[in-house]
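Have a look below at one chain only, the form predicted on its own, in structure tokens format.
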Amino acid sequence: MLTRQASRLALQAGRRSFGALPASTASYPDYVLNAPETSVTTLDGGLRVASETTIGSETATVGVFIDAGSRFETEQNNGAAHFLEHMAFKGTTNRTQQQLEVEIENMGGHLNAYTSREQTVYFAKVFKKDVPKAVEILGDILLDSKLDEAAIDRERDVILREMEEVNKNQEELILDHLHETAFQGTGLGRTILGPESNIRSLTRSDLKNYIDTHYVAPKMVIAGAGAIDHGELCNVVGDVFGSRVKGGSAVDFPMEPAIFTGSDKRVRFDSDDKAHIALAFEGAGWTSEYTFPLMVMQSILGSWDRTSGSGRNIASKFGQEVAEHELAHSFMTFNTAYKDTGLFGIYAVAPDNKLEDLMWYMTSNLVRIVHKTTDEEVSRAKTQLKANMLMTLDGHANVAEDIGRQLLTYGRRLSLAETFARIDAITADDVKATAAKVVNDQDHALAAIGPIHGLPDYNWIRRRSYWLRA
């Protein structure tokens, strides 16, 4: 049952425009107002090239960002994007695996890749003079990968060993379980590696079909940062990728909608003395008006580890209570955003005899934001958020990743001044209204692993997602 205040906030959330830009950003320091410009060029066929130049730098990062990950797979080919990431370095029609590795090492470069639920990224870190060669190598491994049958069979065992390692990492495993239960029956609920049966059965044809479907111009961005000449980068990309990457329209590649389901997945085993728990509510997509207020909420709730020096003096009220009552070994608030949805919640590692108390304080602090968020908390959280954003942009690789991700999600890169202005525009009322929409009396998803005999059931936690009085 909603309180009058919560009901009013929920109604406001439906019509409020959060993070509206202030009239002026003149008060920002020079490092914000004079941040390097991001140059963006769209080549014939729809392939976008974007870069940020750092004057005086002698190294650069250049990457290919593809709007395709495990979410865009089916049950039959789940794991294909990650499998292709492995196969990209196993040789092309122009280079053997050894030639590829030696060429990168002789340049003093670094070549790598990763796959997420919505994106696949291949990138190279090289000296300034080797940027054209790095682009050529990226084009070679993406467009001319040999996909040798024998190499595919050998790589199956490598990926299965990787799966074993992932399953030993409780944090990664529990977030996979959380997605599996929160988005069950949809693409976001599938794992990035895919099931063991698919890893053993994916064929060269499956991998080739995935490339033909998703490695296309409208779904790709070539991003660079550091010692980059934008004009030169565009010319090189045009020569390497130009006519070889299929064009098209965004409507040619429909995305399966993500449907959030209130549910939980619990895996109990009593051989460990620590339980891993992730509690989440449906969050917001990258372009939602709730995105920035959720970032502020994440900063308000914060994170804590008993090995840190802050102890009970941490700014987060939840962190203070966890430390004072010794409820957990650690916790962190997460805000995972996707194109059209997200997950907002808290991941905690706790002793088995404190789980009920931990969940009581956790739900209480989540609902408290609906009713009792203060201006002081919001001001401090906004400062922390801006500092964290600046720190994540340290290094050319992080800048290139930020450029590629934003072009795929927003269609442009938000300037630092605009981002800070949107954060500064958030008020305590905005945070309360967002919490009312996301948390207050809403279904949750939960994943838990370990000695969870003392963990309350779903309905116990659901009943504590609201207050009868504020």
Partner chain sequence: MLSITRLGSALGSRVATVTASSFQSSRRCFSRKTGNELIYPNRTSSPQITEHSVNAGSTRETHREKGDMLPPPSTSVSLPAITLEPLFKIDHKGNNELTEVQITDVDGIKVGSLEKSGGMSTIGVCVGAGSKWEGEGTRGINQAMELMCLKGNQEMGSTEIVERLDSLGSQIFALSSRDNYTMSVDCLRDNLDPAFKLWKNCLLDGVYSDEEVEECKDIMGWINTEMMGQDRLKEGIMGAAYGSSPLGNTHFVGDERQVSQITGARIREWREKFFTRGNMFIGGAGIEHAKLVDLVGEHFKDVKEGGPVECAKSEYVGGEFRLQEQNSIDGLTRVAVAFEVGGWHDDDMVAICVLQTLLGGGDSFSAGGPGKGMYSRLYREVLNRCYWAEAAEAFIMLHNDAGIIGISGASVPSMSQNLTFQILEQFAKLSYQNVTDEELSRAKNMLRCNVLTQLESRQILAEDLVRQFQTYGERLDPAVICEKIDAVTKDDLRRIVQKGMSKPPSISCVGPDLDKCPLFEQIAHIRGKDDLL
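Numbering follows the first chain given and starts at 1. None of these values were measured; they are calculated from a predicted model.
Unshown form predicted together with its partner chain; subsequent notes refer to it.
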property: Listed range touching its partner chain, judged in the predicted bound form by heavy atoms within 4.5 Å, from 295-303, 352-360, 233-241, 203-211; result: 295-303
property: Any non-hydrogen atom of L147 within 4.5 angstroms of its partner chain in the predicted bound form; result: no
property: is_contact(L175, its partner chain) in the predicted bound form, heavy atom dist at most 4.5 Å; result: yes
property: 4.5 Å heavy atom contact, V62 to its partner chain in the predicted bound form; result: no
property: Interface membership of D443, its partner chain in the predicted bound form, 4.5 Å heavy atom rule; result: yes
property: Heavy atom within 4.5 Å of its partner chain in the predicted bound form - the one residue of T374, Q76, N167, S364 that qualifies; result: N167
property: Listed residue (A217, M87, L143, A315) with a non-hydrogen atom within 4.5 angstroms of its partner chain in the predicted bound form; result: A315
property: Residues within stretch 387-422 having a non-hydrogen atom within 4.5 Å of its partner chain in the predicted bound form; result: A387, N388, L390, M391, T392, D394, G395, H396, A397, R405, Y410, G411, R412, L414, S415, A417, E418, A421, R422
